[in-house]
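Only one chain is shown below, in structure tokens, and it's the form predicted on its own.
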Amino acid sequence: MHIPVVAGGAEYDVVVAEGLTGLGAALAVGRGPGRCVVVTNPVVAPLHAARLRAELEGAGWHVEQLEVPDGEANKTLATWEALVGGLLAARVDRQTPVLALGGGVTGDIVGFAAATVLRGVPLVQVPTTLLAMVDSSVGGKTGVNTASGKNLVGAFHQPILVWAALDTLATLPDAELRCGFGEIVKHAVLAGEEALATCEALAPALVARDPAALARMVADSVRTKAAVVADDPHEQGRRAVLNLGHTLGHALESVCGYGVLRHGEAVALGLLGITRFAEAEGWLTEPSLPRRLESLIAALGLPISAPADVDPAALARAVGYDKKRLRGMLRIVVPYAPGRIELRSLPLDEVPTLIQALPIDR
């Protein structure tokens, strides 16, 4: 299925497909086949790179291949710099598509390189993880982490095509598949009661890797995100609702160490934390939401409490460095009910209370 995205003057399709067949021809529409560069990582390359090269070459493309290291710990300025050097050595020009084959880390690094090399070259996202399919591959946000926090250096650079080949999920370990569930739950809460109820009903099928259930939730999540991105492509306002669960989630990732707590796990915990905080503040208009989310997150195999050794004071400091600070206030995304999500400003001296709402093993 083809899901159109219109954002920041760019228009492109997110294609949810059974496999990679058709990608080469789709990429050639309006430009004709020529040179392209596939950037992948050492984990994904032996699984899917040969198939992607064959698909592209069969459509007339001349393919060069580069690699970046895998894992959140390698999502750094040093990795970006090395990739930029590789792309320049490959003599890319402003008409050379660069394809990111991998999960969210690879997509973010390759996207940032594509945004900055020659001040921008065409980007194609070919996500191979559920998390990347439903979230990071769509919307044009790219970047790397620094010691001060996650995704603090980057650029907005919309892809020209996103191709989600569902058969790549067959090689995904269960733990990595579950990471995508965290963002799927977030999108369901954003979309409203019907979407959340559908996610609850499909939870057993998702865990069992039912192809129809996965296709349904990938498409639903992409549509939800695409609608928000269309209204606010550069995150100047409403798009910030997509950060639901991320303020606490990013803090958990930073404190635990990037790669120790997976992103989807951290988002799920952050979603539970902000919902419990909203409950404690008396903001909820759907009182059952915290219990529903806890049950759903547990049913999807995601953690419902953070590690016992996480330091609340360190979390508070990490939240204080969150990129969504504004004039001494922390902008937080608050769920009042499914489909009713609002942005609020929280004084920084109330951050410890926010941290206390985060479920932690004690």
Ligand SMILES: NC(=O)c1ccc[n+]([C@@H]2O[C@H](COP(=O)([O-])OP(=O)(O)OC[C@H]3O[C@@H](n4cnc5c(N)ncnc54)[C@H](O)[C@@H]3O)[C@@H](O)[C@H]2O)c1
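Because the structure is a prediction, the values reported are computed rather than measured. Numbering starts at 1 and follows the sequence shown.
The form predicted in complex with the named molecule exists for this protein as well; it is not shown, and the discussion that follows is about that form.
key: Position in contact with the named molecule when the complex is considered in the predicted complex, options L87, A191, C199, L131, heavy atoms within 4.5 Å   = Among L87, A191, C199, L131, a heavy atom within 4.5 Å of the named molecule in the predicted complex occurs only for L131.
ask   = Looking at V105, I184, A268, A100, which has any heavy atom no more than 4.5 Å from the named molecule in the predicted complex?
value = Spelling it out, the residue with a heavy atom inside the cut-off is V105.
message = Under a 4.5 Å heavy atom criterion, is T146 part of the interface with the named molecule in the predicted complex?
response = T146: no, not in contact with the named molecule in the predicted complex.
message = Test of understanding: in the predicted complex, would P173 fall inside 4.5 Å of the named molecule by heavy atoms?
response = Result yes; P173 sits at the interface with the named molecule in the predicted complex.
ask   = Is K141 close enough to the named molecule in the predicted complex to count, meaning some heavy atom within 4.5 Å?
value = Contact check for K141: yes, within 4.5 Å of the named molecule in the predicted complex.
message = Please tell me whether any heavy atom belonging to D70 falls inside 4.5 Å of a heavy atom of the named molecule, as the geometry stands in the predicted complex.
response = Although the named molecule is absent here, D70 would touch it in the predicted complex, with heavy atoms inside 4.5 Å.
Triple contact flag V44, S136 and N151 to the named molecule in the predicted complex, non-hydrogen atom at 4.5 angstroms = Yes, the whole trio is in contact, each within 4.5 Å by some heavy atom.
query = Can you say which of 191-199, 165-173, 111-119, 268-276 gets within 4.5 Å of the named molecule in the predicted complex, counting heavy atoms only?
reply = Only one stretch passes the 4.5 Å heavy-atom test: 165-173.
query = Which residues within 208-233 place at least one heavy atom within 4.5 Å of the named molecule in the predicted complex?
reply = Contacts from 208-233: just K225.
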